[in-house]
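Only one chain is given next, in structure tokens, and it is the form predicted alone.
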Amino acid sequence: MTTTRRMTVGQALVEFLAHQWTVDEVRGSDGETEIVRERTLPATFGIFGHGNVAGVGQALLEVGATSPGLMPYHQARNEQAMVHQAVGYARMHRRRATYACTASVGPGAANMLTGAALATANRLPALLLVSDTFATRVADPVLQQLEHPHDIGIQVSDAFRPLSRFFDRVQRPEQLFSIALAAMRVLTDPAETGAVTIALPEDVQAETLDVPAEFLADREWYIRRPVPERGPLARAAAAIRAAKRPLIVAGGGVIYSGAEDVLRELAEATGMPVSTTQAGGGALVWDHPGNLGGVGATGTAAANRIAAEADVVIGIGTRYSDFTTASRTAFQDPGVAFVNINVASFDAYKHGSQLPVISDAREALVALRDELDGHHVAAEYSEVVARAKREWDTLVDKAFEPTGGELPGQPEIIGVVQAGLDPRDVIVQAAGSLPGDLQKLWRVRDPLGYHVEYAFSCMGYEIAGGLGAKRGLLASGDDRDVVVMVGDGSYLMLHTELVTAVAEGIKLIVIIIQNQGYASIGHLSETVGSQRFGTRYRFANSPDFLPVDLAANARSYGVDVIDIKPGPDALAELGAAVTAAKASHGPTVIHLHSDPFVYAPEGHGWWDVPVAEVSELDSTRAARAEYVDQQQAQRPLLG
């Protein structure tokens, strides 16, 4: 006879989530298998309102009182930031674990939409428990309810449908079982994962049902690691063997499958050079002879030079975004072929590839290493690659040299921060001019040492995402430092999770680089003939900059702040500040000013941003002519 417990929907869901485990059978390059087992959802973030305070909120309180540690609760300051923290956590755990996030009806739920889009765009898991209005409609309309005369059932929660990899609404208590299990399947599927949303009407959360013991028992979800099929693998290997100028593009899939060691072995055995996407940063350490750095619109001159001449491109775990392909201008060989290795068929078949390999990245690399045994690129090609890398490394060294100005440039700042960190420390970024500069200049020394959220490039992700990354490391017993670099534009978008870091005593180093505006879009604005319109922080109708004191703002939260004033000693003070922040035990903000007109070395990548076809402005007409010229290099398909 099946044993049951009488529980509310909220109580049953919280206890169910607390008993879910992810199991990853990691096969090493030597054939040995390591079993990694961890809680899929080790904790829940929440901000409570009338939609969830008596449902999921009560359930979290009760489980904390009756079974301490089973499902810890963490308070957040912003619903969007909760999801960002979950994503940062998931990145550090290679998608094996994430957080659940609960929000109330209406604006609380709506605040999570940006986070949902970010999680799905990045293929990183986050579980969103979104409260909804009464299923019974007994009190209709309730506070914060939308009303559409043509469809009364549409609510804020429905906005999550296009942003989620899974969405369902628990209209009746009995639906909880099938919905919760389906949500977990998607959450732990490497080909499907992203935002997983369960909409929970506020009355249904508090209703009861008989819950079978089996539903509340420990359940294991094994991560799928599909091996490549023989035919596609053989065709891919044949194309690589026939190539004269192959290039590997390593994406986030390499990191998430733990394939960096096998990638290094393949690169060393074959001599094939490696370039990386933003998500793939760390797939190969920066000083490996075969690592050319980032490729594409914000890539290095070395990677883009080799990409332009490559006759076979081996994409591993990459989405082939427009920044990776430089808006389809990066790969210029007329007969270039693409081997697309990806666990998701959607990505493996992208852009008309005739050589898709649907497989886990690690499994595919192990198989390719065996298939290509004895194969090596020509010595002449190896020398071309080595020369391109040497020349780029020299340019980076030069970019790091102090210019001695009152305001240091961003490349100089990056160089000082890099020099002050340990090899395993993690850099976190997301938006503005920093992602491009970091992809070119940051010398990644650890597989998890580089986290630039660039699928959604969300302003405001940085501090919350960095806090989530730090949580993820602490949960693994890893005490390395997490360093967030953020511009003043992104900082002003979302900085309140600094309060969370203070409240929980979590060490986080945040470096605010103030350049009085939106530097990245300002530069882009110039290239499209719009003269930095609307991108500088000035008084209305005045050339004077705003007297905003970001250091004082951070200090008001209780964070330790090191405020570096402009001057010739700013870089030396920055180096000392990084040392002090690393020695601290709590969150530290370092604030300094920079010159937004000092750029990183040119990587010769292009990004397709359309320019107005007609204009009265000379600057716009000139930009249009340049745009039309650049378009000539675009390919309709990758091939």
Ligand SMILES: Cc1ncc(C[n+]2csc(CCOP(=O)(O)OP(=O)(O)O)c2C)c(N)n1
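The shown structure was predicted, so the numbers you read here are calculated from the model rather than taken from an experiment. Numbers follow the displayed sequence, beginning with 1.
The same protein also exists as the form predicted together with the named molecule; that form is not shown, yet it is the one meant from here on.
- Checking V548, I152, M493, L181 against the named molecule in the model of the complex, a heavy atom within 4.5 Å turns up for just one residue: M493.
- Exactly one listed residue, out of Q144, S520, S321, N78, brings a non-hydrogen atom to within 4.5 Å of the named molecule in the model of the complex: S520.
- Heavy atoms within 4.5 Å of the named molecule in the model of the complex map, among the stretches 382-390, 288-296, 166-174, 450-458, onto 450-458 alone.
- Residue contact with the named molecule in the model of the complex: A109 places no heavy atom within 4.5 Å of it.
- Contact between S433 and the named molecule in the model of the complex is found at the 4.5 Å heavy atom cutoff.
- Put simply, D425 is far from the named molecule in the model of the complex: not one heavy atom of it is within 4.5 Å.
- Proximity of G489 to the named molecule in the model of the complex: non-hydrogen atoms within 4.5 Å are present.
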